[in-house]
Ligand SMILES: Cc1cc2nc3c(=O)[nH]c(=O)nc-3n(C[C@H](O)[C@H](O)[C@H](O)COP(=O)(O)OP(=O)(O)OC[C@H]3O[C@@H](n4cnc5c(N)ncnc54)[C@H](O)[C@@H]3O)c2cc1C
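This document opens with one chain alone, in structure tokens, the form predicted on its own.
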Amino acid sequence: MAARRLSAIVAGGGIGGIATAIALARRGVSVRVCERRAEFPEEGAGIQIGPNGVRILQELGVAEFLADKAANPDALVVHDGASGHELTRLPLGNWIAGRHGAPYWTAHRQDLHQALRACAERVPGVTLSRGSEIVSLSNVADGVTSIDANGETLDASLLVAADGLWSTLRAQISGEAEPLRPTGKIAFRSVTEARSLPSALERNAVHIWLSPRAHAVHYPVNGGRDIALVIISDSSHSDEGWDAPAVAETVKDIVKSFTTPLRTLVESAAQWRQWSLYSMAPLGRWTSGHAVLLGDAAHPMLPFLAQGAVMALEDATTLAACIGKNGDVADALRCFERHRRARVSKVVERSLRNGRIYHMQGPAAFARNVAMRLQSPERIMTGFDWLYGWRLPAC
């Protein structure tokens, strides 16, 4: 009953922020989402949502708004980038849905954003505000007071900082200076029509192409009508943000050593965007009184396991569960952090390891390729049960 009297400010209207608002509101908390931009974010290209993420979308009531726009790939096909040889074909589709109780979806990020907003607008107790950036906060006796960039003062029982990689509130909550550092890698993204996919490549599949200094991923989005592409390459270039325009010729040059089908697909994409990849040392704390960090603001990760957004979804439901079962907000936030730290740390580490595996060269790459060919695809996938089989912990 205590949770029904609570109110929350969520700083950030991205995937983690709106999911948190829905999850809290469904437990009786009144929530205001403050998005700094004049419009909610629509940028991005594709997103992979593993069963652990789809299951949360189903539980929150978001999946029904996304189902007709998502694709349900049959397999994840790993190729050697230079030769095009298939190294392994990992089962998705019915196999992974049967094993984990939810499918593996691929979608356009803007479709996921729209689905979250459509759901949030129908959940009593959620208010979505645009052009409102929370820039400072202070804990008070029974909650937290925050101030937005327009000078408005907002009081609530708790504040959730879901304001992303370049979080304004991270240092105020963690008590640490900005810890972000460039990784020496850059990502490029685009979307092209599915009819541009060469006939040699399976349409309803996630494809990964491995190479020493770059790798490529592509998969169906928009219900299979389009293909999202991501190319990640070594680079000394580093900029803040993740939606800068990119030169198509630069991307074509990166994949010139790849096999023809991948090059053909890349050449079909008219417009590219780019963003530099950053990593962050683990924070000493995610909470301060009645304020908490969530998603990329707390634990950004590299995109080599396709779990960044899904970790924000897991954060959202775990936080709501902890708030719902603990009448003391500060205790609930600390409980949330205890539940999430080990899980997120493992995902961050495995993502880093995947990146090293993708970009192996010489004898190491040869050994990797042989191991993939020899190992059962089903056995490889069962090694991810710890990831896709996640369930909400008892708070």
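Predicted, not measured: the structure shown is a model, and the values here were computed from it. In this text, residue numbers run from 1 along the sequence as written.
The same protein has a further form, the form predicted together with this ligand, not shown here; the description that follows concerns it.
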query	finding
Partner contact for E337 in the predicted complex: this ligand, 4.5 angstroms, heavy atom	no
Any non-hydrogen atom of A162 within 4.5 angstroms of this ligand in the predicted complex	yes
is_contact(S288, this ligand) in the predicted complex, heavy atom dist at most 4.5 Å	no
Partner contact for D80 in the predicted complex: this ligand, 4.5 angstroms, heavy atom	no
Site test, H215, I254 and W272 vs this ligand in the predicted complex, non-hydrogen atom cutoff 4.5 Å	no
Partner-facing stretch of 256-264, 319-327, 131-139, 199-207, counted where any non-hydrogen atom is within 4.5 angstroms of this ligand in the predicted complex	131-139
Among the candidates A71, L293, V310, A228, the residue which, in the predicted complex, approaches this ligand to within 4.5 Å (heavy atoms)	V310
Residues within stretch 362-389 having a non-hydrogen atom within 4.5 Å of this ligand in the predicted complex	none
